[in-house]
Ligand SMILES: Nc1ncnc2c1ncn2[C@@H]1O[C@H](COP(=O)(O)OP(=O)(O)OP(=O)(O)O)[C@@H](O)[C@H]1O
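In the form predicted alone, a lone chain appears below as structure tokens.
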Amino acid sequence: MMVLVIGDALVDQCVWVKKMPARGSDETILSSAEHSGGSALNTSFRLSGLGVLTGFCGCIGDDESGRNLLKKMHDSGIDTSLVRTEPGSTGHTITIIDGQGERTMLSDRGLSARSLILTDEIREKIRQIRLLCLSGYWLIDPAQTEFVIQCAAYARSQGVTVMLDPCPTIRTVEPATVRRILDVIDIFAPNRDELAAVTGTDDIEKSFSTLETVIPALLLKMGAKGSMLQLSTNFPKPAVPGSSRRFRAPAPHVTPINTTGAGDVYNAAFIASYLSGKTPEEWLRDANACAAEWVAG
């Protein structure tokens, strides 16, 4: 196994509308669909689809939704030995996608909100991987926060690269908790809003400067504007020596149909490219291309 992903496994109920309704009004549903969801699980499926040996760690319910998710993971070749199944409801999300492809989400994390303990079994899995990918949704709950920080610290002690997608909920996380998780990761992968929430400014240059001595690798996802990457001297990648370096790649131009999960697809493609030994420019180009393809449907 090369990658272990820790986070939520949910059922995603998507509805497409022409536009978001005003408060108290109504809007016609154009189409609807149900599929697996959760940022971490989306990344896991995409990683496996890209040929990366992937394991998932999280909680699901012993209900029909949970059993279906577990089967999909098995069928996709994902290692589920660290998936905990408990009596109760698997989490779900209602996603509303408007005519511009932008999405609004309502979530019930269900059993994904349950905390885990860093067991010997999890330590053994971590020793077998090259990269640990963490979801920022697990920074909402104090017990889950402690778990992911312990996992990240242990992974780094074993020479494993640790990546964090902060997710939109990073805005609600205490600054002290943000500082703690940033101290034990190698790759920080926010979008512009999430970066601004962490640094307190929407000025990209100021944000990059603020985090330059904190984060070995800062990966900024900018949607249609592409992505940027800043590597410091202590980034654990022998192929990128020397002083702090900055890279940028544009995104392919596409007409967006659905942006749901685009960041998760980006993360998976970046990880796959990074682990394959390519250059930083190729990491960005590969990730931009996969995300654009996903958004275009």
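Computed from a predicted model, the values in this text were never measured in an experiment. Residue positions are given as counts along the sequence shown, with the first one as 1.
The form predicted in complex with the named molecule exists for this protein as well; it is not shown, and the discussion that follows is about that form.
*Asks:* On the criterion of a non-hydrogen atom at 4.5 angstroms or closer, are 191, 259 and 264 all touching the named molecule in the predicted complex?
*Replies:* Yes, the whole candidate spot contacts the named molecule.
*Asks:* Which listed residue (101, 223, 110, 216) meets the criterion of a heavy atom within 4.5 Å of the named molecule in the predicted complex?
*Replies:* So the residue touching the named molecule in the predicted complex, by this definition, is 223.
*Asks:* Using a 4.5 Å cut on heavy atoms, which of 227, 135, 161, 90 is close to the named molecule in the predicted complex?
*Replies:* Partner contact (heavy atom, 4.5 Å) among the options: 227.
*Asks:* Where, among 248-256, 28-36, 63-71, 46-54, do residues come within 4.5 Å of the named molecule in the predicted complex by heavy atom distance?
*Replies:* Contact-bearing stretch, as computed: 248-256.
*Asks:* Wondering, does residue 5 line up within 4.5 Å of the named molecule in the predicted complex on heavy atoms?
*Replies:* Looking in the predicted complex, residue contacts with the named molecule do not include residue 5, since no heavy atom lies within 4.5 Å.
*Asks:* Though the partner is not shown here, which residues of 86-122 have a heavy atom within 4.5 Å of the named molecule in the predicted complex?
*Replies:* Contacts from 86-122: none.
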